[in-house]
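Before any questions on how it binds or moves, here is one chain, the form predicted on its own, in structure tokens.
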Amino acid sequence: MKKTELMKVLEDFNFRPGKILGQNFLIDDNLLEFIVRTTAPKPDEVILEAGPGFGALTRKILDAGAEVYAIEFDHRICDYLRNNLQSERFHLTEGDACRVEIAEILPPNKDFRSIANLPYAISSIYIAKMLELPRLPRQMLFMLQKEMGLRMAAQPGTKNYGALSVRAQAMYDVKLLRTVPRQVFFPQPGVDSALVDFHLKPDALSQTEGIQLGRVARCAFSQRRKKMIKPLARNYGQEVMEIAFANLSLDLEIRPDKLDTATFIALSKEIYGLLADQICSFSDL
């Protein structure tokens, strides 16, 4: 959707984009085409889109023959989509993408991908939600705030590396495809964006393991500039953490940003294995 087309829609609907909702609409057809070429939607495959806006990307995915399941929070945009995007392959859910039960709106037992120009305000919560689904999307491609994109693809020892980096990279091969200037959006945001690609790993963690890893990573990074064993010991117990660190030959002085994703996964499994052993020991008494 070009800027002139978008401006007409906004004028016809007397619509003012909401800053709080992070409504920055993509107005560069070349970039939209790049997203579609990169993801190459297939006929009849299921695509989940959070925050479709006025359907610029949605239409191109539908044109490729895919089934689009969209979640939109703004009731004004929902009214527009219902009246102007009438396709049997377009399925709209009005609601908060961070609260909607994804499994309930998608076809059961069918693989899906998630492609979206995510509103900045929901990006971290929405990605975290996707990472804990019982059935993970086999690919995700998101337009994110540049800082968030750097976090997703960050490596250990860098300032952008954090709990969400660990959680995402435990499940997906994450690649920052390109940075995107703010000028391709209307209204123009105050920061640049980035396109980030997530490809599901064949050895991705189970839902339970992923949730456990998330808890460990969030706890460890709650004090990222201090020794990670301290917050972990408060949460899981000093003895458990000392044994876990010893079993993995980890330095008790190590900070969370120095630990790679594979070691975080091993640490999480070690912690929850020790906790399970404790429960079994208590039950035997």
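The first residue of the shown sequence is 1; numbering continues from there. Bear in mind that the values here come from a model prediction, so they are computed numbers and not experimental data.
The same protein has a further form, the form predicted in complex with a small molecule, not shown here; the description that follows concerns it.
Novice: Partner absent here, but in the predicted bound form, which of 215 to 223, 60 to 68, 24 to 32, 247 to 255 has residues with a heavy atom within 4.5 Å of the small molecule?
Specialist: The contacting stretch is 24 to 32.
Novice: Would I122 count as a contact of the small molecule in the predicted bound form, using a 4.5 angstroms cut-off between non-hydrogen atoms?
Specialist: So I122 counts as contacting the small molecule.
Novice: Although the small molecule is absent from this view, report whether P52 comes within 4.5 Å of it in the predicted bound form, heavy atoms only.
Specialist: Yes - in the predicted bound form, heavy atoms of P52 and the small molecule come within 4.5 Å of each other.
Novice: Is the gap between M171 and the small molecule in the predicted bound form 4.5 Å or less for some heavy atom pair?
Specialist: Residue-level check for M171: no, no contact with the small molecule.
Novice: Any chance I243 has a heavy atom within 4.5 Å of the small molecule in the predicted bound form?
Specialist: Residue-level check for I243: no, no contact with the small molecule.
Novice: Name the residue from F142, Y161, F112, F73 that puts a heavy atom within 4.5 Å of the small molecule in the predicted bound form.
Specialist: Contact residue from the list: F73.
Novice: Which residue, A233, A56, V46, V36, is the contact with the small molecule in the predicted bound form, using a 4.5 Å heavy atom cutoff?
Specialist: Of the listed residues, the single hit is A56.
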